[in-house]
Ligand code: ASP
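A lone chain, given as structure tokens: the form predicted on its own.
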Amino acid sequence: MGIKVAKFGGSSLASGEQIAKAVAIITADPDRRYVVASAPGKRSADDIKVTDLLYQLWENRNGSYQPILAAIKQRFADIEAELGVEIGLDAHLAHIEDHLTSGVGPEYYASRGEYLNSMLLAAHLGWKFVDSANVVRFTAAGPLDADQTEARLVEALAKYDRAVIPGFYGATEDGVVKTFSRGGSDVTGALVARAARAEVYENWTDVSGILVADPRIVKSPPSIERVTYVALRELTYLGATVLHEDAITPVRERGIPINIRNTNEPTHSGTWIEATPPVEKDGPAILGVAGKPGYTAVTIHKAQWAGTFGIATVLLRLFADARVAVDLALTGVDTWTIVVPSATLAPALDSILASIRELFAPDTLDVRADLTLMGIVESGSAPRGWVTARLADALVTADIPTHAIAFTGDLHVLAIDTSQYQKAVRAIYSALAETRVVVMKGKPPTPSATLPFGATKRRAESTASRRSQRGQAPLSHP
């Protein structure tokens, strides 16, 4: 096989014991030639991540920071002793302490966890250490300079057959350290994989792939075996947390598959992320369900609005001018619903509402906050429209109101009350994730070839009964 780039997350490198597991994985396959390392994560549920300690160090730079610095030193000293290496830890920590009064920003301190952990791993492997500050380039304004980064990485990797590169950070042309957002080591790994023209980008973490649903909500959900770049991007944007959402683009552009693996269960194949994985002939109805809270829906209704030119342009421009990203926009006959992040909407809400009233004179203008945006990705196994019907049935059966719903490609997007989120996940998982769609040989898939159908029918009958008791008209079901 070709080159493999392996990124190890904080839980995989939290201690000398965990690093030993990572080293065993790395050395088991000679194709794993470049490793991207995170800072030490939590060793237990009540532990503190080294990155969080480093942020605390910077925040207390003008006060009593010595206990925090001592805790950081102890974490790395323990790892150094367990691995039996020597990297001059005292000198590195003294350098970090010297910068506390030099005006260096928090991103420099946050990056030191990856920096030191990568040096320890490289020393243990006997590989070259390549400082990300020299190869991952940010512009002075902040964003990643992708072209400069690739050029520098290609040049650096050409010099070394094997190397360890710290994740999460880089630097501007004048040497100011910049970091990605949380989980940014995933992005570094993708950039290295792209520059190395890797055959595969392995992302090693503490779960065996991307789970179909949040295990804190659904008990023991299975991992997704295969998923497209597009579907994964949708799931990560809407709340799935195994992989940083910006880690997909660099490898997707080169057609490099991503393999999410478990450091503690290395024989598990995990999740494969590819351009076009095959549709299973006997597979789950959906690949995954995820959700992200913190949304607000603005709904505008005006009689006889349908057919009026330019409404979308003017309405969406109001949000764009206020620097509020629109994550979901739906239109009915005479109604528009715009779903946006509450945090960015809040400072601009009054002015946007005033502009809507002035420009459109709506009959009603409704604002509904505290919503969660959910994403449900179809597997492609079910006949077109089948998942949509069962999804609606599951939500009605569970008495979960939906304030907005959209369907595009294989993605369903729902806006629901945040208080209903966990209930919705369980209902959708029960109705769809545990259902396998069977394609009969020589015949197109039909609902009658989908198991289990009886359970869905019983839920529908139960819903009809409850609606009758409330004096509501019964819903029709297939």
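The first residue of the sequence shown is number 1, and the count goes up from there. Source: prediction; values computed, not measured.
Keep in mind the form predicted in complex with the named molecule is missing from the figure; the text below concerns it.
- Think of it this way: in the predicted bound form, the named molecule has a heavy atom of just one of 414, 432, 39, 35 within 4.5 Å, and the residue is 39.
- Interface residue among 185, 117, 132, 203, judged by heavy atoms within 4.5 Å of the named molecule in the predicted bound form: 185.
- By the criterion of a heavy atom within 4.5 Å, residue 61 is excluded from the residues contacting the named molecule in the predicted bound form.
- Heavy atoms of residue 49 reach within 4.5 Å of the named molecule in the predicted bound form, making it an interface residue.
- This chain is displayed without the named molecule, yet in the predicted bound form the stretch 177-185 from 248-256, 307-315, 342-350, 177-185 comes within 4.5 Å of it by heavy atoms.
- Residues from 250-272 do not approach the named molecule in the predicted bound form: none has a non-hydrogen atom within 4.5 Å of it.
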